[in-house]
Ligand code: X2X
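In structure tokens, the next block holds one chain alone, the form predicted alone.
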Amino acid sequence: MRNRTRGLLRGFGCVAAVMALLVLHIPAGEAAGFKKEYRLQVNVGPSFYWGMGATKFAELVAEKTDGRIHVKPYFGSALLQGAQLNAAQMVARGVIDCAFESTINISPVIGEANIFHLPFFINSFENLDKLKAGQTGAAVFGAMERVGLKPLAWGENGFRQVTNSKRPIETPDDLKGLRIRVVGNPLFMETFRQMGADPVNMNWGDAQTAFQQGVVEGQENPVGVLIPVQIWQYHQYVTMWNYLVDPLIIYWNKRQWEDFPADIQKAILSAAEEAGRFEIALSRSGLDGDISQNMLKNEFNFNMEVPEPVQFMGSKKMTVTFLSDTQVAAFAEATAPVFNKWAQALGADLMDKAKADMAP
């Protein structure tokens, strides 16, 4: 009997040893009940500033959670098969875990995000920062929470500029008759139509072909997009008019977020805020004096490949036009009917918050 007992004990000991070894070989995240991979929706490719910010976010999450949480960016809207306007719905439903996404792309679900897209309303980094940090940003984040999204931090695609192959754009009349590729948001379409242009929505691959064939003569995008796509291959003229801006937001599925323990939430939030600062500095580098360049060097030990994007476009034989305040006012007047229509749709409360945020 004693021999049998000793045998059983030895057997249990072996099982316990095997179990211990198996536990040792389970990754920390899986052992804690975390997913092996959290999928991050990103609209652009990894070489864009936006994509570089997403990569930084994934790296920082792994670092700050001690490898317990792994975020994998899926670039080029791969998780959405290119249907980038569906990002917010997919994250809210939990089909996708998280996103580093544009306010343009969430605006079909979060109408409040269109506050950033009113033509000739914000105009400067100072005003943009006031909106994000103030009542306006809180209203946008609150709207996201109500539909099942957990906003974590701001990023930035930048103020959108217009380029074309025909002529410098200095007055609203200069846009008349130009076929301009724009994003699918109806606010964008109406803004260009109001100025006499012929706006068309198409994906970037089709747009490049249309530029080459001369079927489409212009487009609008931030500098952080114009440089990577080498816009000078198609267009000779760029107008720096800051007509509207495209902030980015890092956000997570709210239910999943609430299931994370507090230390994981704190670590991911810290990673999002740091990645957001990095990405914003990339997008503003060379456009805000030396502020962003110094931040990249001192805080992130990072040097820009193209530190002066405006000069760089000029070196590519592009004619770069900056508008005076009087010229900007003429564009604002020309697009006032669109502004007023969409301001009414956004509501007096949100508009009052935005104006109060931007007040001197």
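Rigid core: the largest C-alpha set superposing within 1.5 Å between the two forms. We number the residues from 1 along the sequence you see. Everything numeric in this text was worked out from a predicted model, so none of it was measured.
There is another form of the same protein, the form predicted in complex with the ligand; it is not shown, and what comes next is about it.
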In this chain shown alone, the residue from Asn164, Asn157, Thr191, Gln161 with a heavy atom within 4.5 Å of the ligand in the predicted bound form is Asn157
Given that the ligand is left out here, which of Thr136, Thr239, Ser102, Ser285 has a heavy atom within 4.5 Å of it in the predicted bound form?
Ser102
For the three residues Asn114, Tyr251 and Lys254, verify that every one has a non-hydrogen atom within 4.5 Å of the ligand in the predicted bound form; reply yes or no.
no
Should Tyr49 be counted as a contact of the ligand in the predicted bound form, where contact means heavy atoms within 4.5 Å?
no
Close approach of Ile110 to the ligand in the predicted bound form, 4.5 Å, heavy atom
no
Should Val183 be classed as touching the ligand in the predicted bound form when contacts are defined as heavy atoms within 4.5 Å?
yes
Would Leu40 count as touching the ligand in the predicted bound form under a 4.5 Å heavy atom rule?
no
326 to 334, 40 to 48, 302 to 310, 59 to 67: which one contacts the ligand in the predicted bound form at 4.5 Å, heavy atom to heavy atom?
40 to 48
Applying a 4.5 angstroms cut-off on non-hydrogen atoms, the residues of 232 to 250 near the ligand in the predicted bound form are Asp246
After superposition on the rigid core, does the Cα atom of Phe211 shift by at least 2 Å between this form and the one not shown?
yes
